[in-house]
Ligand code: GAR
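Next up: a single chain in structure tokens, the form predicted on its own.
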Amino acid sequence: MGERVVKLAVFISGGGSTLKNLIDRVADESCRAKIACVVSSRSKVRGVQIAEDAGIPTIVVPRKKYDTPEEFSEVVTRGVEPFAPELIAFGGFMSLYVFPPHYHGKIINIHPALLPCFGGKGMYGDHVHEAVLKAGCKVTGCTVHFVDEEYDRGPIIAQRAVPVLDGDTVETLGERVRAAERELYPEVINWFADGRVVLQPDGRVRVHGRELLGEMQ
């Protein structure tokens, strides 16, 4: 494991559970990142308080104030640029971000299912787990992927499988998936710190050293 730390911006829209996990993992040094700033698309959410309590510079850009995703995104970009993040991590960020070209391949998201299944607009949180249970799936999980211009369609970086058990409810399945997310997201951020993640010209992702380390994602 290397010692390099990646400078991170975290984008949120709600309770900030992913942000809190990353703050905790940075504190215990299991996630080699420095959270340079937090962006929230809503002002009165728990995630903003979590960021402020941790002393992290916080940029609030209410999506409802802007007529188009482009106007909203331009303000977000202006707010983030002074912090010069090497990587942007979405943590429950619910707004479309039309990012500038220099952020291509530098924005990641974690989704509570095994993409490309159960993704797209409206598929978030408990809506995903409800759909998984309704479909009768025996396995679900979480996916870390690059963000592009479509919801949940960017190139997949890593996945972790979670069993769907007999008698599962949305709540029990959701908690099992969230536990997997809490482990996988910091792990992937460490890969970026080590420079192991390569977005290839064909749109697929290669993680250098994964096969050598025997990592099953």
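Quick note: we count residues from 1 along the sequence shown, nothing fancier. Owing to the predicted nature of the structure, the values given are computational and were not obtained by experimental measurement.
Another form exists, predicted together with the ligand; not displayed. Remarks below refer to it.
Proximity to the ligand in the model of the complex, defined as a heavy atom within 4.5 Å, singles out one entry of Val147, Val80, Ile110, Ile88, which is Ile110. For the options Cys137, Met123, Leu96, Leu114, the one in contact with the ligand in the model of the complex, meaning a heavy atom within 4.5 Å, is Met123. In the model of the complex, the ligand sits within 4.5 Å of a heavy atom belonging to Asp152.
Interface residues of 9-41, taken as those with a heavy atom within 4.5 Å of the ligand in the model of the complex (partner not displayed): Gly14, Gly15, Gly16, Ser17, Thr18, in sequence order.
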